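Provided below as C-alpha cells are two forms of one protein chain, presented individually as structure 1 and structure 2.
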Structure 1
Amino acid sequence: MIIKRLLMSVAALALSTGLAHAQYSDGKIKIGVLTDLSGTYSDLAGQGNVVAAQMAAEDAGGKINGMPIEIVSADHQNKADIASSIARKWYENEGVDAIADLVTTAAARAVREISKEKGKIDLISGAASLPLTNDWCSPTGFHWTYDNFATGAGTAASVTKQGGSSWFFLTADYAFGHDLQAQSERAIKANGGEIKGSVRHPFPNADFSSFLLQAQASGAKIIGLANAGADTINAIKQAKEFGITKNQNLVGLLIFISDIHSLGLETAQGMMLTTGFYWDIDDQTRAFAKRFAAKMNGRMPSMVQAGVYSAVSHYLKSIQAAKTDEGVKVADKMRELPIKDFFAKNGKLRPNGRMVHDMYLAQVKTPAESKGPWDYYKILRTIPGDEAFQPMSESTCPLTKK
C-alpha cells in the first residue's frame, strides 16, 4: 500500500510539473533589448539598457517557475526597417518572448505592429511619442518611462509660468520631434504664452548654426529644443559658442542626466527639466544606481535605463504569477498587478498601455551647489502621475472605446 501511494505521488508530481512546464513555449523566458547601441541615443539608452535588463533578471533569481531567463540585445541604429527585421527574426526564429526599450519613435512603432501581430509583449522605455498609447496602442504593448506629454508639457508649462512668455522651437524632423513640439505648444498656450515660430532640423544633426540664427532672429525669449540626446547637446554647445544665450534662454524639452554629464554644470546650470527618475531621491534609488554604476564604469542610470529595469522586472513578476509566457495572458496580469519598485512607487497600467507614475520637476545645480560627480539635480516638485500624464479621458486608443 505504501509503495502504491508513493508511486501515485510521484506520478502526480510529474504530471503537475509537466503541466507547469507546458505553459511555457520553449522552456525558457527570453527577452530582447532592442536599442541604439552606437548612435545619437546610445548614452541615454544603449548598453545601459542591456545592463538594466540583466539586473532585473538577476534580481528575479535568473529563473521563473524553473524556466531560465535569457537576455539578448541588438542595435537597431534608430532605423525602423532594421528594428522590424530584428524583431521578426527574434519572434519567429529565436524564441524571444518580449522586446524592451525601443528608443526612437520610428523603431518603436515598427516593432509595436509586429508585436501586436505575433501576440508578443513590447516594453517601450526610450521612445516618447504620445500616439504609442493613443492611435498606436496595443493589447500587448506598454509605454513605461515617460512621454512627450509628461516631459515637454511639464517643462514648458513651468517655464512659461516663470516668465518665459514667447517661444521659438528647434525641432527634430521626425515623429518624435513633431509630437514633442505639439505637446509643448499646447502647454505654453494654455498658460498664456506665445509661439514666435519654429524650424525643423535633420535627425541626427551636427551643425545647428543656420537653425540657431533663425531662432535668434525671432526675438523669442525662449528657444525650445524639441529634440534629444546628442542633438540637444550639440545645439546647446553651439548656442553658447555663438553668444545666443546672452539674450535668450534655451530650454531642453527632453533632457537626460547623461546630457548634463556631457554638457557639464558650467554650461547646463539653471536648466529646468522634467524627469521620471533621479538616482539621488531615496535609499532605494541610490542602491540601484550604485549597483548600476559598478557595472557601467561609474555612470549613473538615466530615466530610460531605470525604466527598462522596472518594466522587465514587472514583466517577469507577471509571467511568474500568470504561469505562462503567452503574451495576451501576461499582458492581462501586468495590468492586474501593482507596480512597486525604486522607479515607480505607486505605478499603475492604464488600459491603453500607459504606465502612470510620479514625475519630477528638476533644476540643474550650479557648480558651487554640486557636492560631487553626478550630483546634478535639485528636485523642485513631485508631479503626481495622474497630473503628469495625459488624462485617460483624452486617449484615442481604440482599446478604450466601448
Structure 2
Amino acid sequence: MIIKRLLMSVAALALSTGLAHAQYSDGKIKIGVLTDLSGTYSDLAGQGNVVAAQMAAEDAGGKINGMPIEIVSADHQNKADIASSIARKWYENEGVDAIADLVTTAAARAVREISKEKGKIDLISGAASLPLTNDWCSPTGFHWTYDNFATGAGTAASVTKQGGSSWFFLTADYAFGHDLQAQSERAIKANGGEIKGSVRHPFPNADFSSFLLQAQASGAKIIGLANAGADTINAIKQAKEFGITKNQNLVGLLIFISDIHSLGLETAQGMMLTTGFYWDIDDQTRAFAKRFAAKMNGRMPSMVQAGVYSAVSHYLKSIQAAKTDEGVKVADKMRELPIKDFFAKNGKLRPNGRMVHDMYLAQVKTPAESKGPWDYYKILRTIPGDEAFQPMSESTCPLTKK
C-alpha cells in the first residue's frame, strides 16, 4: 500500500488569520483520493486522479477561508476490503473529510456504506454501476462522471438509431459487465433493435477468438463489448485479426481514451463510444488538458480524471459557501450550487447524488484524420444531460421516495 501525503500550501499566515476555525474540523480540509494506483485501472484513474485533485486544490488557492487544503492518496488495489479499511482509518484517525474517485464498483460500494454511516462525503468518479445512485444512494454520496446508463445505454441507443438494429454481446462475467449489458439491452429494445444473443466471458480473459466466432455466427450487425480495459482491447484487436470488422461493427460500451491510445488508431478507427469528457472540445478543456499533461508525462486526462477535478473543485466551492466541512451541510450546499467548469458546462446534482451533465457521442478518427498522439475523437453529438442519464422517475433511490 502506498500512502503519499502532499501538503498543499501550508502557509503559516493562513493558519494565523483563519476566520472560521470553529466550523472546520481539525483546522484543515483533507481530501483522500482512494484509487487503483497499480492495477488494471491505474492509467484511466490512478496517479492522474491524484494530480487532478491537487490541481483543483491549487486552483482553489490552496486554502478555504484560511484553512489549508490537503490531498492524500492511497491504493485500494480494486479490493473492497482494502478500500474499506483505508476509508475507516482516514475518517476515524486522520481527519479526512471527503474521499474521491473510488474506481471499481466493489470498492465504491464498500466506501459508500462507511461514508454514509459517518456522514462524510464521497465523490465517485471511476466506478460505473448504476445502483450507486439507486439502491445504494446516500445523502452525502455523489456519482460524478458517468455510469453504465450514460455510456452503455447512450451508445447503444445512438448506434441502434443509426441502423445498428441487431446486437450480440460479449459480456465480462461479473457485476459490472452484467449491469452494462442490461442497461444497453434496454436502450436497444426501446429503439426497436433486436438482441441476437450474448456470451459471458471470464474476467480477465486474453483470448476472445472463440467468443468472436460465436458473435460472427449470430449474424448480428453489431457486436457490443460489455467489458472494460484490457478485455476490451484484446477483443477489438482480435476482431480485426479475424476479419470480423469487415461485415460487423464493434461497439465498445465503455471505452476510455487510454484504451484507444493503447490500441492505436489503425485498429480502433471508426468505433463509436460515449464519453463524459474529451480534452479537445474547447479552449477551457484544452487549457486543463495541457496543464494536466505537463504533470503526467504528456498523457491527456481521461474522463475519470477530469471528473475528479470537477468533483473536488465543486466540493471545495461548497465548503467555502457553507462555511463548514460538516458532511451533511456541505452535501446540501453541493446540491444547491450549480456546477460550472470546463468539465460540466451546466451540471447539477440530483437528490440521488447523480451529477447530471452533457455527455458526448464520439467516433474514433482514422490515422489520416488524426494530427498526432491523443488526437483521437470526432465528436458526433452532444447528448444533453437529461437525456444521457437515467430519468429521475426511474430512480429507485430510497432518499427520493419520501
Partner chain sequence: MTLLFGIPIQALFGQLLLGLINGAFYAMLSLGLALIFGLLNIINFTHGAQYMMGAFVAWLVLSHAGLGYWAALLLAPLLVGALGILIERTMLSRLYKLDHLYGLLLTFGLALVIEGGFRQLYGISGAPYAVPEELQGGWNLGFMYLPIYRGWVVLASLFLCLGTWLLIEKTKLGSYLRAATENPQLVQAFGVNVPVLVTLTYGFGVALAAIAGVMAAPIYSVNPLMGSNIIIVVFAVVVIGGMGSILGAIVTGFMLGLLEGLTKVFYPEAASTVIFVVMAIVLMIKPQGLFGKGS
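Take the two forms, superpose them, and find the largest set of C-alpha atoms that agree within 1.5 Å; that set is the rigid core. Structure 1 provides the reference sequence; residues are numbered from 1 along it. As the structure is a computational prediction, the values presented were derived from the model and not from experiment.
Chain form predicted on its own: structure number out of two: Note: form predicted on its own is structure 1; the other is not.
Angle through which the smaller rigid unit swings between structures 1 and 2, given in whole degrees: Between the forms, the smaller part turns 11 degrees against the larger.
Core-fitted comparison between structures 1 and 2 - CA shift at S165, Å: Its C-alpha moves by 3.0 Å once the cores are overlaid.
Distance moved by the G219 C-alpha between structures 1 and 2 (core-aligned, Å): So the C-alpha of this residue moves 4.2 Å.
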